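Quick heads-up: it's one chain on its own, the form predicted alone, in structure tokens.
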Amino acid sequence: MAMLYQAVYRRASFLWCRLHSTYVRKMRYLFELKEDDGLCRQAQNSGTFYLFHNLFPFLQKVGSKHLAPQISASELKRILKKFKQNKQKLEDSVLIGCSDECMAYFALDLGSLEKMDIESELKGSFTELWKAFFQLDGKDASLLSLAQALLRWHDTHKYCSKTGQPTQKNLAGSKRVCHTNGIIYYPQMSPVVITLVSDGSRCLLARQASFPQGMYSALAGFCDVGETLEETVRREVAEEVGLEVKSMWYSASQHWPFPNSSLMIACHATVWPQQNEIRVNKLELEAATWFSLEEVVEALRREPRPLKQEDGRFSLWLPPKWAIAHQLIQEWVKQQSNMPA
């Protein structure tokens, strides 16, 4: 009876979705895959896969571009068979989306296999995600960001925090269950504010020691428990650069996989022009500097890579185009360019 109900439900859902937009159809389909392991297993056998090796995504260079190839289920089964892996390994994958035609996308980590063998077989390389972000377009980068976050979460949540017993993921990877006590665990994100500070004519950009040489970005920090968004912005700006926020406003948000899985909440903030002396917190940042409109515009025109100048310093370069920090900087440039002289 239950199987009959599921079949009727899927048929009714399919007919309902045909009458609605592509987006609605996709969201309903993804919901069903997360709730129905049988349906998800079918999707795995006809879908495509993004591959990882110990959380490094697989990329191929095609001409001057880098792409994150989608490997078909049949091709992946061939590869697994060649390297003496059971095709059941497909069930270790996680669902990360689908096409407009409802072809499911999955991500699978092949960290148990020899990296060089897979790279040779597929004629590509596994690349650190941060470096991949500067080589890919927004669509691929966004999917790889989601994929790595989910794969990492499953790798670090294999046991129940209450019972210590193993947890089991559903086929789509949208949750894990402790069957000892029925607790369900869902992937979580940590809220982070990323703030572009301005004093009216300049914007403040900062860098951490881990950044590539010459790269600067907006200020960012995790929200503390009990804080509002506004309180986090004010505190982070005060902590990191010793400035007091005069006003702030929200811009947009973006998933960001670093350090684990973050929800970047992007804001603009202004400080008083008469109180703009930067006092860098060296425990948080390596450096922070005011940049003029001309300097920022010039950096936007350059390729995002280290460029050493004659005096030994590196030219300013900015986060990748699809990153929300880049969007904040572009918004500030547009605002400044539209201001009356």
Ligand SMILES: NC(=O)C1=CN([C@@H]2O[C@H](COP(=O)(O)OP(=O)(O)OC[C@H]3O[C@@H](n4cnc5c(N)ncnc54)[C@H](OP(=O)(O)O)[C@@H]3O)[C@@H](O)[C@H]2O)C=CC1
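Remember, predicted model here, so these are calculated numbers, not experimental data. Residue numbers run from 1 along the displayed sequence.
Form predicted in complex with this ligand: not shown, discussed below.
- Residue 217 is the only one of 217, 125, 85, 270 with a heavy atom lying within 4.5 Å of this ligand in the predicted complex.
- Contact with this ligand in the predicted complex, judged by any heavy atom within 4.5 Å, is made by just one of 76, 205, 194, 141: 194.
- Although the partner is absent here, residue 251 sits far enough away that none of its heavy atoms falls within 4.5 Å of this ligand in the predicted complex.
- Contact check for residue 109: no non-hydrogen atom falls within 4.5 Å of this ligand in the predicted complex.
- Using a 4.5 angstroms threshold between heavy atoms, residue 284 counts as touching this ligand in the predicted complex.
- In the predicted complex, none of the heavy atoms of residue 163 sits within 4.5 Å of a heavy atom of this ligand.
- Look at 87-95, 142-150, 170-178, 184-192: in the predicted complex, residues with non-hydrogen atoms within 4.5 angstroms of this ligand sit in 184-192.
- Three-residue candidate spot 199, 233 and 332; no residue lies within 4.5 angstroms of this ligand in the predicted complex by any non-hydrogen atom.
- In the predicted complex, this ligand lies within 4.5 angstroms of at least one heavy atom of each of the following residues of 243-272: 254, 256, 258, 259, 264, in sequence order.
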